[in-house]
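The chain below stands alone and is given in structure tokens; this is the form predicted alone.
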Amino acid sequence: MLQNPNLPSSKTSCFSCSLREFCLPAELEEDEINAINFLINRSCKTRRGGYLYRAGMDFQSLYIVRSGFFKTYVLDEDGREQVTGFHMPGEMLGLEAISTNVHTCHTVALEDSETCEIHFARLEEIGRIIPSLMHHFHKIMSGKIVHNHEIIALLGGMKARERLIALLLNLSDRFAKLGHSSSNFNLCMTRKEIGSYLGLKLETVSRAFSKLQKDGLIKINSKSVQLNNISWLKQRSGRYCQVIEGAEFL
């Protein structure tokens, strides 16, 4: 099920949006933000389990997560799902389609979510008038590429428990940047989806969670997770922490 384009859009301005610092350059003038307001369609709603877009669809827009949680995935040769990322408020979706004009992954909501839609052709037009805007988006795109490459390389050298710790620390850091608790948060994804992303079997993920809880390092209650000793978890991850904490996208 794709998002319904006829759902009502919010009239909230970029001026009052709490995620503005994640989406727009800080030095924009008031008239420049007013111009940007016209190219953004706000509150595109996607229900839990619904698709924001599918692989193979023509590329027209970028999306910034306003609320909720998304996963991106591709299908391997056998039709099995390979999760490529988890995305939360303030993060951008659709960047992978810019070079080919076709989306290369599926993007599905893990809970009821909202996004701001930015028509890419209009973004390029206004970017010629506001160079700092396009520079900001180029930085976001470059940052995503660099961090994804670094994380993939690092995860490949980690043991199962270290991979899970790295994911929990990454989510912790990203929740903290949004002003939420860094030690208590919900995991919207399933154990199977975590395993798909980390390259681990479901049983291995379950054992890793159980071992961390048995050691008193985390506490799990349904989908809620509590990190009891973040400093130790960071030490356990050692040299991986600097890259993991710096990643805006996973």
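All values reported here derive from a predicted model rather than from experimental measurement. Numbering starts at 1 and runs along the sequence shown.
Unshown form predicted together with the DNA; subsequent notes refer to it.
With the partner omitted here, the residue from I218, L28, L200, I40 that has a non-hydrogen atom within 4.5 angstroms of the DNA in the predicted complex is L200. Only one of the listed residues (S181, Q60, T190, S67) places a non-hydrogen atom within 4.5 angstroms of the DNA in the predicted complex, and that residue is T190. The partner is not drawn, yet in the predicted complex one stretch among 110-118, 83-91, 159-167, 134-142 has residues with heavy atoms inside 4.5 Å of the DNA: 159-167.
Taking the partner from elsewhere, every residue among T204, S210 and K223 has a non-hydrogen atom within 4.5 angstroms of the DNA in the predicted complex.
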